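This document opens with one chain alone, in structure tokens, the form predicted alone.
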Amino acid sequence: MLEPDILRAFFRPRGVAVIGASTRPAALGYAVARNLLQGGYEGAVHLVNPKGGTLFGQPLYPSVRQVPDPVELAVVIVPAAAVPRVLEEVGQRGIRAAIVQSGGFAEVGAEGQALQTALLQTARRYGLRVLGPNCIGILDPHRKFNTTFLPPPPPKPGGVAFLSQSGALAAALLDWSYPRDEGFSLIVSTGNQADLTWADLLPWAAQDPATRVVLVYVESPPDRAAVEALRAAALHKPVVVLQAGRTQAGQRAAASHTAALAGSQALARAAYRRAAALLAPDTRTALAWARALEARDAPRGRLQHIAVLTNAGGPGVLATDALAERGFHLAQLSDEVQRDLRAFLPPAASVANPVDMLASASPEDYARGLETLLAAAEVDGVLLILPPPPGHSAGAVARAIIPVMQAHPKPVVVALMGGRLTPEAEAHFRAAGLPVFPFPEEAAAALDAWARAQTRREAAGQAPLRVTDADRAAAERALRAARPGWLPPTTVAALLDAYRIPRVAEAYAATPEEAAAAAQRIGFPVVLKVHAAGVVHKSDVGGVRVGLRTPEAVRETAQAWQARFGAAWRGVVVQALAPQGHEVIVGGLRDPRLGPVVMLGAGGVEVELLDDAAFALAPLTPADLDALLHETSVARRLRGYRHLPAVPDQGLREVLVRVATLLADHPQLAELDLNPVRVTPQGTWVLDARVRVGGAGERDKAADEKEQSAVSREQGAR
């Protein structure tokens, strides 16, 4: 975690040195000096340019070594080639925080990457922390602190902190917000992130009293450090993440189902869920979520059953669709509530949900209708749609309903539809600090933000689940002699047994005769599975026989496989025939950025074709377990599917926790497939298992991650 004094130097420095300040009005160094000197910043501002002279009545010092105290932050905007030399002087001056706005580094290719490496090496020699390069810096509207080169005026003070890897997106968002009169508590552009990342600066934004919600735009995939930073921030403020590159090819060429399904988007969802962050599907939704969470906290009670109040049928239908797509239910209004609505609405009005008051609805009708719906026990929140009514102004409706919205704890979101006739109403809503959106879909997204923030807030405080009866020593003994690659069945069985992961009765046999004898011990009928070098998906090569009922059938099948696979033959696995039940796949892998990850999906040979899988970081929290079941078809299947009965999910949940603990405890485990796992009324059993041990590089990286995680936990405890 970044030292508090360093964070303060970036966000509340007592003095700033602008290195590369220019007297040319078109130069970026001129704009940075102007924004600091004329924007209201109360600290000292020192300007540096080797040519000397003055700018805005301030002297231009030839070098940062000559600027007087106080100076805690350097803003560097000089040609890229000069940056390492300038940072040398900054370090010698004793400054420990620098914003490098200059471009021409890793973003332009190998030569720029070399300059970026030199920049970082110089900074590290002096204990200097660097934001950037290739960024626009920091802007704090509340404290009138603006290190950017963006044109004035700055945005108005607000409650949204925006941390962005893209300076262009930050600038565009600011420009977009001006005509909407929307403010920000903080703008931070992190650029190339050669040293500091958005995750390093997140604690400041999350604990800033002026910030109500943090919006983060990220381009690099999340790692464990980012997940932990987000999770810590979520204990203070809701965090909305807009992740770029969600659809880029993230699948690896891999033998296991788990690795084949572990695309970048699936892993990102798992990471941000663990982080208790709200992962937005697009820019418009991210902004709608941020503005909704800025306007009010997530409700403490449930937010599932929504009432729609409108004066037009079409938008009401659109709102109904948008709510359903986000998992909400239309509240079933009681006879009493419908009777109260009929008491003041025209006979042709619809008092079912959506409530369509017709185009003649007056401001008083809107206010009374809203009061009636908010008072209904069956209503958790209201989506109010306001196209300008023909006989009244939208502003008059806004004035009538704002006191109602402010008086009730239940959330209300407004879709103010129109343009020419709506500015007055919009001004009233914004003056009251109430969220307003142009379309029903965005209003529904705002309700979605409150519902998601509610569940994320609960999840942020959950501790990971671990099994306490595992025999870790037995697992270590089984792995001690393991070489990189897929483990033999006997070692896999030892691992499962060490962690009490239930499996059907089985035996490994090296010869057809041993197979026949094993089948007699287990009891007929049995399942026979080939074990051969290079064979991972046994059913794909005809290496599975189900329901063999005699020793002769077992022996003959094993002999046929022995002849067929030749030198690759290693033997067979003989298994008891498990009861009928629901089949799922439980998998695991070690991601280079996120560490151990668990998967749950529809089981069987078509798992990749169905693409019905969800991931979660190991070890698992209760929220992770719920998500694994409900983000897939597994929860629905276990409630009863086709000819199979409903079965409880407790046994499957326990298997998931045990697998997650196994992966987290042993860094050398690279991939794991339990497919299928059969969930039955009698119990849950693993029917087939494969485990791969990573190579030396994989194991070393995993061990480093585990050690670093332990260090982080220890530091956090302090």
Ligand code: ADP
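Position 1 is the first residue in the sequence shown; the rest follow in order. Small disclaimer: the values here were computed from a predicted structure and weren't measured. We call the rigid core whatever largest set of C-alpha positions still superposes within 1.5 Å between the two forms.
Keep in mind the form predicted in complex with the ligand is missing from the figure; the text below concerns it.
Comment: 544-552 is the region of 626-634, 140-148, 544-552, 232-240 lying near the ligand in the model of the complex, near meaning a non-hydrogen atom within 4.5 Å. Although the partner is absent here, Asp688 is a contact residue: one of its heavy atoms lies within 4.5 angstroms of the ligand in the model of the complex.
Within 4.5 Å of some heavy atom of the ligand in the model of the complex lies at least one heavy atom of Asn675. Among heavy atoms of Ala517, none comes within 4.5 Å of the ligand in the model of the complex. Of the heavy atoms in Ala172, none are within 4.5 Å of the ligand in the model of the complex. Gln575 is the sole member of Ser177, Thr320, Gln575, Thr197 with a non-hydrogen atom lying within 4.5 angstroms of the ligand in the model of the complex. Here is the short version: of Ala396, Ala427, Val504, Ile522, the single residue with a heavy atom within 4.5 Å of the ligand in the model of the complex is Val504.
In the model of the complex, not one residue of 65-98 has a heavy atom within 4.5 Å of the ligand. In this overlay on the rigid core, Trp204 has a C-alpha that sits less than 2 Å away from its partner position between the shown form and the other one. Once you line up the core between the shown form and the other one, the Cα of Trp561 ends up 2 Å or more from where it was.
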